[in-house]
Structure formats: C-alpha cells, structure tokens
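Just one chain follows, in the form predicted on its own, and it is written as structure tokens.
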Amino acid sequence: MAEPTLHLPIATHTLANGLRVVLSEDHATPIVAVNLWYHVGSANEREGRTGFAHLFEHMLFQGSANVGANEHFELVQRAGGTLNGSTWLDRTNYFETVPAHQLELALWLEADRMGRLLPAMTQEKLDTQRDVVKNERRWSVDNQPYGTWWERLPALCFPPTHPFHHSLIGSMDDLSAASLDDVAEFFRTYYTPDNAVLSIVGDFEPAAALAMVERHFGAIPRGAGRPALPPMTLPPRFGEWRRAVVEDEVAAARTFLAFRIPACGTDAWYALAVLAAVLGTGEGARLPRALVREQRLASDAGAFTFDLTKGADLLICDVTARPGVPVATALEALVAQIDRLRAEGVTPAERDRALALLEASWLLQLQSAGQRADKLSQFATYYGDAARLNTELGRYRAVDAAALHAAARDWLGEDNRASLSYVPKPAAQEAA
C-alpha cells in the first residue's frame, strides 16, 4: 500500500438507503463544495437508446417536485455560488460551490432532484432538452473540426458489443426515439442513493453537515439495483495495428495513435500515465519538442490517458500536422518517437520532469474545494476508498525510469496500435 503523501481530513459514512457520504473539513475560506457522483455513464446505455446519460445531465436541471425549471441554477447563483454537471463513459457528476452558510440549500436542491425528479418531468421538457442535446452534438461533434474523434476512436478501439464502443453524446436517431417512459426508467434505475456518492468539502461542522444530509437524503428509497454491464474484459493488446482514415472539412491533417493499456488505477497503469506525461505534457515533452520545434512537422502534439477504470484504458497520442504536411509524414514521425522510446527508454531527468508536472497538476487541482470534492467522489465511486486521495501521489512516485522503459516495451508495440487520421477533403486542399 502506498504511503500517504497528503494528510487531508477525510471521513466517510453510509446512510441506511446506501448513499455514501464523504466529508473533508477545511476552514481556510468560508465556502463549501457539494459534489454528487452517480455511477452511471454512457456505458450503461442499451442498444438503440444511446445518449441517455448525457441527456440526464440536462434533464436534472429542469426542475423537480419543489424546484422549477432552471431554478436550481437561479437559486445557487443568487446565493453567490457556482454549479454545473458533466458526463463521462462510466459516471455522471453534479456539483456546487456555495458560501458556507448556504450548504443546506445545495443539499436540499440535490436531494430534491434525486428523490423527486419524476413528478416534474414532462414531455415538453424532454423535447426541449432533446433539441438542446442535438444542437450540442451539431456544435461540438458533427460541425467541429476533428469533432468526431472522440466517438470514432473508441469505436475503433472497442468491439461493437463493448459498453465503451458507442458515442457518449448518442446518435440523432436514438435521441429522437427516446420516450418519456424510457427516460423515467433510466432515472429510476441509476439515479438512486445506493448508486451515488455525496462529497462535501470546506467550511462546515461535520455533525451538523451529516444531520443535514440525513434530513434531506435519508428518506429517499434505495433503488432496485443496477443491471450488470456486458463483459468488459478484452485481450490485453489489440493484436494488430488498426487503421482508419477520415476525409473531413479540416485545414490540416491530424492523427490520433491509441494503445490499449491496463485500466486506470491498476498498478500497471501508473507507469503508462507517467509515460504519457513524458511524451506529451508541456512544451518540453518528447512529442512537442521533436515534432513541433525540431522537425517543424506539426503545429501541436500531445499525449494523455483516457482514464477508464473498467476493463481497459487507452493511452492516446495526437499530432496536428502543419498545413501541407501529409498525414502519413506526421504519423511516421510520431511512430519514430514511440519506437525510440521503446528502444532507448526514459532518462531519469525525463521521469523527474514528468513527475513534477503531474504532481503540480494534482496539487493545483486540490487547492480548489470543488476539485477536491470531485476527487473524493471519484475515488469512493471507482475504488470504494475516498481516503485513497491521500496516497495517490505515492503511486506515481513509485514509478522509476526502468519501469517506464518496461511499460513502453510492453504496451506501445506495433501489435497494440490504432491510428485514426483526419485528412483535408480535396476541396479543402484546393482552397487552402
């Protein structure tokens, strides 16, 4: 077990209805962050009904039995707070940061929509939010340069029956087909106290905060249980080099190179997360240094992990070629850097630099009560251990240069690559 590198106060409780509650006091400033994670994402959607998890990110702001449509936003903002929600492949979160004396308001709002959303749900609200999501898809995916990458790449890397294969935002056809009954069933199944973690960080007294939580959430009945996800175990590597090329309305070619890696949070994953930082975090990382500054083939280059905790994760490198540079040239240069990494390994200085950047990013995030609450909910949801937040940096620090070289050799080989390349359409090339 990793030794604690942080000493944040963390206390956990579970209500009778299964709601897990994480409390972390911090009296430095008179604010409090409330963060609610539901263990549901696009992976939980069934065939023909994709996009529901993201649709609910919108629907949960459309009012509940005692809160009018959009009143959740109004009440928090009038109280001097901020709020929002987000959806990912395997979770959805909602969060507010408010002045400390407004803690009960934030808890009441979250409890009212968890326990009493359906009485306020109407066909008109569903139709309105369905149109909002469709417009979001047009804006952020279909009409955005390279915007389809984050549904094309998972589709390339995960088989069609895998829960991570389909698009997070959903298809237009599936969104159109969603009925009020479908939406109500999805809510009853997943937005229940026993499928959620509530984290509170900031300036509060624990006994009083826990009493408020019990008062507002305690009477909400637990759910009937989550349906099991389809099998998510995959072979450890792709077993081949998968390739896809997309002609699109883009001015410059961009290529994504993905590797299947162990799930986020496993022991083997940490070396790959540090490798991603060696390759792509900051201007001094290998890819931007070699491809952007030295070879002048690319305008941008980076690397990151997808942070998937079920089955398998992905390490992804991306390179945007300078105008006129063929995508094959950019991909060849990227692969040359990967192969060099596998052959020569990582220097101790590169490892130390990557660790310093990762640690700085972690500590900057944890300065925010809201981000701290989000991490606590994350660790409680994925690992059943919110206190893991205090030991997480030690897992990165345990990775040495030899472990990085071994991870590169094991996971970044030619039999474990999937490349998705965007090239300008001929008309775009002629106009350029």
Partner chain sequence: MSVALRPAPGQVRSYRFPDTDEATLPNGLRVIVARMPRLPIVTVLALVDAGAVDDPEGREGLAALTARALAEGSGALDGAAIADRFEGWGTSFDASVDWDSTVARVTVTPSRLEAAFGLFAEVLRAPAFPAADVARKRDERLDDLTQLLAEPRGLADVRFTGTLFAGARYGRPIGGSARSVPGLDAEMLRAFHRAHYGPRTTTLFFVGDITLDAAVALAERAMGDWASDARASRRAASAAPQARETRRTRIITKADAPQSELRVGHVGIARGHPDYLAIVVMNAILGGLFSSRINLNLRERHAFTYGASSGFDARRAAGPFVVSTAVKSEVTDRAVQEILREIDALRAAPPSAAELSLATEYLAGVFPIRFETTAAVAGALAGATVHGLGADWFRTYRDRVQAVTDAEVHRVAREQLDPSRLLVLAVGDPTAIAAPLQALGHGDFAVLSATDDPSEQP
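Residue numbers count along the first chain shown, from 1. Only a predicted model underlies this, so the values are computations on that prediction, with no experimental measurement involved.
Quick note: we don't show the form predicted in complex with the partner chain, though the next part is all about it.
Residue contact check: residue 50 to the partner chain in the predicted complex, 4.5 Å heavy atom
Judged by the heavy-atom cut-off of 4.5 Å, residue 50 is well away from the partner chain in the predicted complex.
Checklist entry - Can you check whether residue 195 is within 4.5 Å of the partner chain in the predicted complex, heavy atom basis? => result Output for residue 195 is no: heavy atoms all beyond 4.5 Å of the partner chain.
query = Taking 4.5 angstroms as the cut-off for heavy atoms, does residue 402 touch the partner chain in the predicted complex?
reply = No, residue 402 sits far enough from the partner chain in the predicted complex that none of its heavy atoms falls within 4.5 Å.
With a 4.5 Å heavy atom cut-off, would you call residue 95 a contact of the partner chain in the predicted complex? Because no heavy atom of residue 95 falls inside 4.5 Å of the partner chain in the predicted complex, the answer is no.
Option touching the partner chain, based on a heavy atom within 4.5 Å in the predicted complex, out of 128, 179, 347, 86 | Checked against the cut-off, the match is 128.
### Query
If you check 121, 153, 331, 252 against the partner chain in the predicted complex, which one has a heavy atom within 4.5 Å?
Result of the distance check: 252.
Run the contact test on 289, 363 and 368 with a 4.5 Å heavy atom cut-off to the partner chain in the predicted complex and return yes or no. Yes, each of 289, 363 and 368 comes within 4.5 Å of the partner chain in the predicted complex.
In the predicted complex, which of 101 to 109, 155 to 163, 308 to 316, 267 to 275 comes within 4.5 Å of the partner chain (heavy atoms)? Of the stretches listed, the one contacting the partner is 101 to 109.
Residues within stretch 310 to 347 having a non-hydrogen atom within 4.5 Å of the partner chain in the predicted complex: Residues within 4.5 Å: 320, 322, 323.
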